[in-house]
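Taking the form predicted alone, here's one chain by itself in structure tokens.
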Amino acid sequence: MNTKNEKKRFLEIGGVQTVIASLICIILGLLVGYIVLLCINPAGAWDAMTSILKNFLYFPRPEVALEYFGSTLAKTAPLLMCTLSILFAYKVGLFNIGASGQYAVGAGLALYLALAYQMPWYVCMIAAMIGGGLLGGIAGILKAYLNVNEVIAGIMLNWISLYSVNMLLTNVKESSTTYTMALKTNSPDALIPSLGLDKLFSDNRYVTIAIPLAVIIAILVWVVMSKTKLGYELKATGLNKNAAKYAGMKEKRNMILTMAIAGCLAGLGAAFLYLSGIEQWSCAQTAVPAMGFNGIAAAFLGGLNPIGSIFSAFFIQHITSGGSYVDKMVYCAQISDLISAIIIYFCGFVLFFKYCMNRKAKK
């Protein structure tokens, strides 16, 4: 009897439920993805799935694998920021689907200041945060004072941001391509320093202090949301804004502040990516950055917990990067994106499985 009660209490722990639910979603996503591969080409299905899961371990030489592991971490840092952006807003009852637009604005301001004015990396980073925060604040103002749904406002602002950034960065793009000029040759001071971290990953110059900074910020978000008066007020506003108003809290200010902070996080994520030099912005792109949408999956896969999001963001980026190693002679170029998307889609069912476990525990 005691064993049964202990098992029940163990399954009622939030962290345990999150881990179990996340593992179920990952396994289901991999299973469905494997079935899709079997339907397309049964002979190469197993190799394709193992390539996705291996990612940097695809390379037999340890030093090469370590270098590509560093690149995965470099792309995990901006994804983690977008994940925290989604998570922070969701905790206050807001769905920040505009993270992609805030991310785009952050990228635009960081790159423009770096390439047009030769600003140092920390100035570009602050500008990216301010730009993302202002865009998030606009959605918050529309929600607080005009009752405009933040999802609709976020979607519209995504497209406005994308094309505005494209026009802005056209002034600093390479003459022969649609991509912005490389920071390494045109503005080396704008590159985020590595402080020796690159040496740990076979001299991978894309490994910078952005990686530990992202982890520190995730811990700070957890502290703010769980241990401070501000976090309590924000969560109370999200649970019931009328009750929060009755208790003397400034619910409109809290909504705007929440969206502004969420925007700052997304904008900072863009700075982490583009100021590392690992990618260049294409001024001809017609789709908003996927980083913001992947952040939604990572947020739910991590159980809407800032600490859990560190691991979920790494997993999402791991399979996304691993998809590029699928044999393009056997499968079309988009199959890796399809498999990654299927796995990411199932990550959205974490809360559903937690709900089912709670019901079972109560019975």
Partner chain sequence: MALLLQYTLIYASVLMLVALGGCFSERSGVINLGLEGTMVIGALGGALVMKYMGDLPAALMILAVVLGSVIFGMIYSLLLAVSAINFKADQTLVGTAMNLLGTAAATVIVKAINMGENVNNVSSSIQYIDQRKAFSAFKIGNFEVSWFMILAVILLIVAHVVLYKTRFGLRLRACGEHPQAADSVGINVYKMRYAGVLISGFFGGLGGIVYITAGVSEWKFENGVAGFGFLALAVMIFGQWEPKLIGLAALLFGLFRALSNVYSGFDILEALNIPSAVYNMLPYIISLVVLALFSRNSRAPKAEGIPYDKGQR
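Residue numbers count along the first chain shown, from 1. Predicted model only: the values in this text are computed from it and were never measured.
Although it is not shown, the form predicted together with the partner chain is what the next lines describe.
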(request) Tell me, out of 213, 197, 123, 148, which residue has a non-hydrogen atom within 4.5 angstroms of the partner chain in the model of the complex. (result) 148
(request) Let me know the one among 127, 169, 153, 256 whose heavy atoms come within 4.5 Å of the partner chain in the model of the complex, would you? (result) 153
(message) For the interface check, one of 263-271, 77-85, 106-114, 288-296 should have non-hydrogen atoms within 4.5 Å of the partner chain in the model of the complex; which one?
(response) 288-296
(message) At 4.5 Å between heavy atoms, is residue 275 in contact with the partner chain in the model of the complex?
(response) no
(message) Is residue 142 near the partner chain? Define near as a heavy atom within 4.5 Å, in the model of the complex.
(response) yes
(message) Can you tell me if residue 310 lies within 4.5 angstroms of the partner chain in the model of the complex, counting non-hydrogen atoms only?
(response) no
(request) May I ask you to check whether residue 25 falls inside a 4.5 Å heavy atom distance of the partner chain in the model of the complex? (result) no
(message) For a quick check, can you give me the residues of 158-176 that have a heavy atom within 4.5 Å of the partner chain in the model of the complex?
(response) 159, 160, 163, 164, 167
